[in-house]
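One chain follows as structure tokens, the form predicted alone.
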Amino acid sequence: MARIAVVSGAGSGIGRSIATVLAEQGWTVAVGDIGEAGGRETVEQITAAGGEAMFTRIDVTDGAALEPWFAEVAERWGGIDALVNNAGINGPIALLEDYSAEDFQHIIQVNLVSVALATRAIIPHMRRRGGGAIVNIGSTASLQGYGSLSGYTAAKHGVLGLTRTTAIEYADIPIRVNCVCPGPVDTPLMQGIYEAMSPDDPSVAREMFAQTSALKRYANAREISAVVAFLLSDAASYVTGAAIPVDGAITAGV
């Protein structure tokens, strides 16, 4: 019987790669994204390769929408085994005093509160299943500070704290909960950072971020997805409450 995974923010970038890699490994994947075109394209790629997937347009900050989405997935395929909380945004690149309260609240809502809402909504399904695994996509910003990204950094620190707490609270089911912390990955999300930091020549910011890694390069999305797939697999059955950097040694030190 195929295992069932739900992946948010799977219409592009890391989320699409995670959904695709899981499908390649035999998972059935429920793809969620606020962007309909990208989400449907992810499903088309999976089904064209022989996998099984469905798309639902979802705003992850809408807790009332998450519960019926998960219920639909569980009814269609008999249950839910895994959740990947991947949806997120950068928010403004600015000093804290230049953030509006609305901007700060929005980035916390999208990057942190949504993870809590989705986790809370998925737990009853995993309890009925007798267990499950959750991977939250954090960032190197879960582990260290970044100037001019206070909202994003605060949210991603919160994701790690939430990961550790829920891993403890639901270990008895058992539900394993881990946090993957990518460094720079060449995705549309990073492109937005380049353009905000260096609008005249985004390639300058792009090269700067590449040099922050000891490996002097970006990760590709499949390198992140491989770690996520491992954490969702039975091979990681004793791994929970962990923060796993996939960052080319950015957080190892200088």
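Sequential numbering from 1, following the sequence displayed. None of these values were measured; they are calculated from a predicted model.
In what follows, reference is made to the form predicted together with nicotinamide-adenine-dinucleotide, a form of this protein that is not presented.
Trainee: Which residue, 43, 190, 205, 227, has a heavy atom that falls within 4.5 Å of nicotinamide-adenine-dinucleotide in the model of the complex?
Mentor: Looking at 43, 190, 205, 227 one by one, just 190 meets the 4.5 Å heavy-atom criterion.
Trainee: Considering non-hydrogen atoms and a 4.5 Å limit, which listed residue (168, 71, 89, 173) is close to nicotinamide-adenine-dinucleotide in the model of the complex?
Mentor: Looking at 168, 71, 89, 173 one by one, just 89 meets the 4.5 Å heavy-atom criterion.
Trainee: Please identify, from 126 to 134, 71 to 79, 178 to 186, 160 to 168, the stretch that has a heavy atom within 4.5 Å of nicotinamide-adenine-dinucleotide in the model of the complex.
Mentor: Heavy-atom contact with the partner occurs in 178 to 186.
Trainee: In the model of the complex, is there a heavy atom of nicotinamide-adenine-dinucleotide that lies within 4.5 Å of any heavy atom of residue 14, even though the partner is absent here?
Mentor: Yes.
Trainee: Quick check on residue 121: any heavy atom within 4.5 Å of nicotinamide-adenine-dinucleotide in the model of the complex?
Mentor: No - in the model of the complex, heavy atoms of residue 121 and nicotinamide-adenine-dinucleotide never come within 4.5 Å of each other.
Trainee: Residue 35: heavy atom within 4.5 Å of nicotinamide-adenine-dinucleotide in the model of the complex?
Mentor: Looking in the model of the complex, residue contacts with nicotinamide-adenine-dinucleotide include residue 35, since a heavy atom lies within 4.5 Å.
Trainee: Is residue 195 close enough to nicotinamide-adenine-dinucleotide in the model of the complex to count, meaning some heavy atom within 4.5 Å?
Mentor: Contact with nicotinamide-adenine-dinucleotide, no.
Trainee: Listed by sequence position, which residues of 197 to 218 have a non-hydrogen atom within 4.5 angstroms of nicotinamide-adenine-dinucleotide in the model of the complex?
Mentor: Stretch hits: zero.
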